[in-house]
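Presented below, as structure tokens, is a lone chain in the form predicted on its own.
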């Protein structure tokens, strides 16, 4: 796992003027606690017996402090950098499901980051999941946020329509402008395809906790039909949502109800 910790977080820092120095201080406090935790772990590798245990306990406390600082930031702002740091902190505390979720959220916000992609792959492998096979979309258009493609789609469509309609409305001759308009409209199919591909993740969620019960019904005393693995991806059926439960289907084809608190939505 790459240990480069995202201390700068340009996407996150851009939001700081909106919230004052309190968020910035909490973010920096989390960074410092994480570094102290890493240093304690490094010291533990050089020791044995009670000294080793002490350093491991110290590292865990530091990672817990870092996690608390980053979570307090998340209440006020969201960014790829912040989710990336949360993913690292959860992984150090042995909570793979939460780590995978935050790396997936970070990837959703900054799909071009190779560092996020590498850490996500590392944590998934450590949790026992197979390597994700990148599709053509993942290797190309998926490296841009979905909002980018939505703007491209809207802009390309209306520009193409304008170039086709306005010359006729104002009696402008020649075939060049309409041809350009047709070309722009055809190009709009590229961002349209990207938006449709990205839409597949709209109802996807990550199981946060180990041995999460897949319930037969959305009730407190429901029997469990199966148990889901921490970090596993499931698809939410929004039409069947209850107050505190989601009806989900797993990649293995199992279906049932899950407490909403056990799921992290990839796309908010």
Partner chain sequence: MKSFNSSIDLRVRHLLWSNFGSILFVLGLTLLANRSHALSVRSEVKPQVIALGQSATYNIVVSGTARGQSIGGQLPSVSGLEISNRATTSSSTQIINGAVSHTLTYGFNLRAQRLGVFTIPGWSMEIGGQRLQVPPATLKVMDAKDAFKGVFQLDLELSRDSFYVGEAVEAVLRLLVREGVDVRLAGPPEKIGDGFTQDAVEKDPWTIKQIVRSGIRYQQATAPLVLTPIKDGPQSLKYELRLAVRSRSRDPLFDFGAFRRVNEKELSIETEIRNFGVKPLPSEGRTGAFSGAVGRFEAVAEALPGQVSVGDPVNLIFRVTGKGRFERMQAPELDGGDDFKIYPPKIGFEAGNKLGTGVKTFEYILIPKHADTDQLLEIPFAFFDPERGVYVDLTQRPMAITVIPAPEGTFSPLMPESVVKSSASPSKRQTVSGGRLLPLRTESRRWVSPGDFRLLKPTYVGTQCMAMALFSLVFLLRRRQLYLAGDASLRRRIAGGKAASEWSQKAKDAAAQGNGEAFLDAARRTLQESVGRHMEASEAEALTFDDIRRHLERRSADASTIENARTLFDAVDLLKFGGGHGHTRHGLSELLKSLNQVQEGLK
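Everything quoted here is computed from the prediction, not taken from an experiment. Numbering follows the first chain given and starts at 1.
Beyond what is shown, the protein has a form predicted in complex with the partner chain; the following relates to that form.
Trainee: Hey, in the model of the complex, does residue 138 get a heavy atom within 4.5 angstroms of the partner chain?
Mentor: Answer no; every heavy atom of residue 138 is more than 4.5 Å from the partner chain in the model of the complex.
Trainee: With the partner left out of view, is residue 151 within 4.5 angstroms of the partner chain in the model of the complex by any non-hydrogen atom?
Mentor: Yes, contact at 4.5 Å.
Trainee: Just to confirm, residue 204 within 4.5 Å of the partner chain in the model of the complex by heavy atoms?
Mentor: Output for residue 204 is no: heavy atoms all beyond 4.5 Å of the partner chain.
Trainee: Taking the shortest heavy atom distance, is residue 113 within 4.5 Å of the partner chain in the model of the complex?
Mentor: Output for residue 113 is yes: heavy atoms within 4.5 Å of the partner chain.
Trainee: Among 165, 134, 182, 176, which has any heavy atom within 4.5 Å of the partner chain in the model of the complex?
Mentor: So the residue touching the partner chain in the model of the complex, by this definition, is 165.
Trainee: Out of 42, 242, 64, 237, which one falls within 4.5 Å of the partner chain in the model of the complex, going by heavy atoms?
Mentor: Exactly one listed residue reaches within 4.5 Å, namely 42.
Trainee: Would you mind checking 77-95 for residues with a heavy atom within 4.5 Å of the partner chain in the model of the complex?
Mentor: Those in contact are 77, 78, 79, 80, 81, 82, 84, 85, 88, 91, 92, 94.
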